[in-house]
Structures are given as C-alpha cells and as structure tokens.
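One chain comes next, on its own, written out as structure tokens in the form predicted on its own.
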Amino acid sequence: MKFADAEKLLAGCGQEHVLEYWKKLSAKEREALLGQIAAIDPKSVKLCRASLGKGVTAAVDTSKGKAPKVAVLKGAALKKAIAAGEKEISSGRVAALLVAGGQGSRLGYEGPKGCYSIGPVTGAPLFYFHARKILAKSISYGASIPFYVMTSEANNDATVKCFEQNDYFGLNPDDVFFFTQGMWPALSSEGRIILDSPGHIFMSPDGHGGLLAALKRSGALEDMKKRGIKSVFFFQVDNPLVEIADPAFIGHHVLEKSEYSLKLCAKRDPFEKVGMPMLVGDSYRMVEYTEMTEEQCLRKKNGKLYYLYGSPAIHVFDRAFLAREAAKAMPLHLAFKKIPFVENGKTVKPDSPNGYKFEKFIFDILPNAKRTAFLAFDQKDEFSPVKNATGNDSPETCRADMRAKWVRMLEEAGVKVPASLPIEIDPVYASDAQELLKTGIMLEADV
C-alpha cells in the first residue's frame, strides 16, 4: 500500500488522524503502519463507530426462554453413539480445531498459553496433551485427524516454534494447519482509531468468533473440504482434560444430524459465570449469566436447577455449516477497556477505561443452525481449565484434577495407587482403564 492509498482508505471511514505523525516516522515505522492500514476494513470501522453507546447486539428477552433437552447417553444409546462416532473417525471425516490465540500472562508466563507447562511429572505443555490425544485417536482408528490451530499475531511464531522443537508431539506436520485470527483496531468514545504509539495502531484479537473469517481467509475451510471432513471438533487450549474427538459426542452429533452440537456440564452453583443455551422462540441461543433473571437462576421446588447446564466451549460443528456461516457478517460485542494512547506524540497509559475493543463470539451462530444437539458430560472427567494463577481454575487445581482422573483409570484397571505417588500418563499410552489393561500396567515403571 502507498501513502496516497492509505489516505484514501482512512478518509473513507473518517480516520485521517492515523497519519498525523507520518513525517516523524522512520522508513521502517512507515512501512509497518501502512501494513496495518491495509488490513483495515472501512465497512467494519463504520459499523464499530455506529455501535458506540448502544452496542451492536440487540438485547434478547429471555423471560420466556426454555432450557434445552440435554442427552445423557447410557446403555444401548451410548453404544450406538460410540459406533457412529468410531465410523466417522475411522473414515477420516473428523478434524480437531483448537482456539489458541491467548498468551499466558495471567499465569505469570510470557508466551503462548499452549506452551505453558502443565504436566504434573514431565512439565509437558498444554499443547502436548492435546496433540497426543489426537495422535492416540489417529493410531486407534487408523485414520488421520487433521489438527487446525488458530493462533494470533502475538503468539503464532512462538506456537509454531513450540511444535517444531517438540517434533509436532508425534503428529505428522502435514496434518497440522496453523492460521491466525483477525485483529481489530480499538476506538475511542468519539469513534477514533486509537494509536498506542505515533506509528502504530492499537489492535486486539477479534474473539473466538473471528474463527469463521480466519478459517475462510487462511484456506483452512477449503483444506477441510479437500480432505473430506464432515465433523469438526472445537475446543480451547486451556483445558487439558478435554476428550478430543470423543466418539460418543461425534456419534451423537451425526445421529442427530446436527449442524452445531454442544457438550454441557452441570453448574457448580446457580450463579456460576457460564453461558447457558436457551430456547428463545424457535431457535437456541447462548445466554450469559448476566442476561438471566434471578428467578431463572434459582432452583426449582425439587431442589434442582431448571437451567442446570452450562457451556465450557466444547463443540462439534458440521463443516458445511461453518462454511455457510463464514460467508456472513457476525454480531460484534463491545468491551470498554484501558488502552494506551498517544498524546502530543507520546504514549500514555490510562488509569481508567478509555476505549472500546470489539469481539465476535462463536456461539452467536447457534441460532442459525438448522439442527442442534446437546450432550451432558461429567466435569471432573473432561473440564479443568487453566485460567488463573492461583485459586480456582489454576495450574494447581488443574494438575490435581489430571492426577485424580489418572488415579481413577488405574484403580478401575485394578491398580492401587499410593496417595503420594506422582502420576502422569501419556494419552498415546492409554486414555482409559481398558486401554491400560490392553497395554499392560507396570506401576513402578510406567506411571
């Protein structure tokens, strides 16, 4: 992009001030700024400006909403779902899709969150457990499960390096597809793009909903189509307990002919801060806890919650549905934040919120699905995120939950585990008690 092109683009969306310090910039700084400007979509900037003060997403009346019917698979139904899922995996029609654009700064770690050390014994990173689970499934079913990893501009290079240094954790590099999510400029309350230095626009990731545009832009959707992928298993990087490409979940999704399926777990308390799917009118939508009335959050007369199940962002999508939605514009969500800005040519760090970031949420496409399915799971077996440095959902609680799961596996296989014994089981070695028994258990050597 040339300077004249940048001037024209910015004038088209009322952002001429972005070039205010042009004459003071070095050649390198000018080149970088022109690159940022070239990536700006004027229509999106206009939409963001129009949203200030009122928000982009319209409020939804949830007072007459209904809780979804959530399947709890047992007996013959469970066997049928597993069989359908195994057929899908062994036929090469399943892909894994990981959202991994975040940094580990909240954990005191400067790097991609996926590189954070979580293995109780080996110190293996989060990426290790995800990749090894995919490898284990590929080996078990004799079929490739391509692994699509969405990173961000901030962590893409470090993420790729982590995989390379670890020989892709055993995966075939040809089956690992890295792509970056989009970035959006932040706006001041007056609707002006914020510069955080004289030659740099403050940009922030466009949220996990930006996944759709990123899949299309990167060619990942086309790659899935060429591979014959039908079902896409979606998960987030901070949960090492997730059962990736779980055959029962995949099978339930296929049998229900669903376009968007969600795994749900029971809330720990009525006011837990999780999103909940709700039938509003003729379609399902994800409703944040802040959007529910106190009455909706309370228990029924029998002591159970009416809205019992929350979403930990474990989904299966129909690939064709993702492609269809990627061609549409998504709603935007605003967040008023403290954003560094330039004043008189110098960067200022504000003490209070001064600008807006804009995000897209993947669950906003839920109402567009022609068919949906909901499956319950036990939180202790599949969900223990690493979000906070200490307290709940911290590395300490996650490692304890990982160990507890492995202990249950071993004890189900007939092995008594000493309370003080450190444990870590490679997912390729075994993922459940049955696989432990098939592989053979040597407590002193192998756990």
Ligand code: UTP
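In this text, residue numbers run from 1 along the sequence as written. From a predicted model like this one, the values you see are computed outputs, not experimental measurements.
Missing here is the form predicted in complex with the named molecule; even so, the following discussion is about that form.
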Worksheet item: Which residue, 207, 277, 199, 146, has a heavy atom that falls within 4.5 Å of the named molecule in the predicted complex?
Response: 207
Worksheet entry | Contact residue in the predicted complex, from 171, 162, 100, 245 (heavy atom within 4.5 Å of the named molecule) | 100
Item to complete: Indicate whether the named molecule has at least one heavy atom within 4.5 Å of a heavy atom of residue 125 in the predicted complex.
Response: no
Discussion item. Does any part of residue 338 reach within 4.5 Å of the named molecule in the predicted complex? Heavy atoms only, please.
Written reply: no
Worksheet item: According to a 4.5 angstroms non-hydrogen atom cut-off, is residue 325 in contact with the named molecule in the predicted complex?
Response: no
Fill in: Heavy atom of residue 319 within 4.5 Å of the named molecule in the predicted complex
no
Worksheet entry | Residues 212, 311 and 364 all lining the named molecule in the predicted complex, heavy atom within 4.5 Å | no
Fill in: Partner-facing stretch of 245-253, 263-271, 219-227, 92-100, counted where any non-hydrogen atom is within 4.5 angstroms of the named molecule in the predicted complex
92-100
Worksheet item: Relative to the named molecule in the predicted complex, which residues of 162-192 have a heavy atom no more than 4.5 Å away?
Response: 181
